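Next up: just one chain, as structure tokens, the form predicted on its own.
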């Protein structure tokens, strides 16, 4: 994308302008499949952050978005969707190379990003308050107002899609937005800046800043000019952001990952289970917050499922994302080493490695698809997020035990049930501690369905109509006649 990369550098999109940092500092962007540097991305300076904050505040207070009116905002969001689709092919190649994911999946991420803007364009002109009857002599009503400036910190696993997931409803509500892109793969989100610019987004309504999370991200959420924080990422980082938000009493929306379990009952269709395993834990190399990282299997089918999962894992194609294999690399050497270390500790704790268990001997950051069994439910590997292509298979002897094991973590993002028995499916779904439950298909649902967790998986909901209400607050107006 020639307009994005100039002199081997990608700049920041700051209040409608593309600019480098004051000190010309930059960070190398690697191809995880080869370890080679693709290009460099400018690190946003303190001046860039201040410019973004001033631009966002000015845009909000001048009413540049609100003055478009409901139909105007809806039209703007549709235009953004159109422009995203225009850059999808070029953007997908950049995203594929910087994140390691398959090219088809990278393209789908841009198309999904466009769909978010189409979806919330349909809500932008349907924002309504309500009348409250206080009795004779009074008129009382509510209005929904945007927060102001929304700071949104985006993770590296699905940067384009997750950026759009929060940006679209925020703009539909009339907020200005400052996005902190992930330093590991900032190019795809930078490409979004081109689409936003071409769509005629008001200057200052969106800024995209690249920087190290512990530096720029920390400064952004601690800024006094922020009215809302939206974060997707790890629990420790989320906790640090919440402490910062508490200092200024800033509302926050948190999606913090999970350790999700799928329950396989005796009557389950094992072919359906295997299809869900393929997508649930090996898609994007398992780097998915809602990954199927624990498979709880009834004792009578335990050995069969282990055997079938090993067969699946060993049959996956592996390679560079540009070739659209089944399994792609993890994002970095650091991530790869952390995954390996957790498996070594799991083995020491008694877990058996059925297949995989270590990195593949090839260039890039490839982790072998791994199946573990004899996993103790309370062990580290069964309790902590791995963020890699590693599946733990755990047996159970009763419905009650399955629910107990599934719920016995600090997380509660998603869960799954595999059964032909509708009664058992509903009973399990009601008992599972999760924000979303999949029945017979992992990742069932879509942008129309609310998504978010409980416990240390966070709070608030993204996607669907419900997500829109995270970006507005209610004002009540009471009139004595």
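Being a predicted model, the structure only gives us computed values, none of them experimental. Residue numbers count along the first chain shown, from 1.
A second form of this protein, the form predicted together with a small molecule, is not displayed here; the remarks below concern that form.
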query: Whether 100, 106 and 187 all lie within 4.5 angstroms of the small molecule in the predicted bound form by heavy atom; finding: no
query: Proximity to the small molecule in the predicted bound form (heavy atom, within 4.5 Å), stretch among 345 to 353, 366 to 374, 119 to 127, 252 to 260; finding: 252 to 260
query: Exercise: residue 155 in contact with the small molecule in the predicted bound form, heavy atom 4.5 Å; finding: yes
query: Residue 294 within 4.5 Å of the small molecule in the predicted bound form, heavy atoms; finding: no
query: Partner contact for residue 276 in the predicted bound form: the small molecule, 4.5 angstroms, heavy atom; finding: no
query: Close approach of residue 451 to the small molecule in the predicted bound form, 4.5 Å, heavy atom; finding: yes
query: The unique member of 148, 213, 225, 325 whose heavy atoms fall within 4.5 Å of the small molecule in the predicted bound form; finding: 213
query: Contact assignment for the small molecule in the predicted bound form, among 284, 232, 166, 409, heavy atom within 4.5 Å; finding: 232
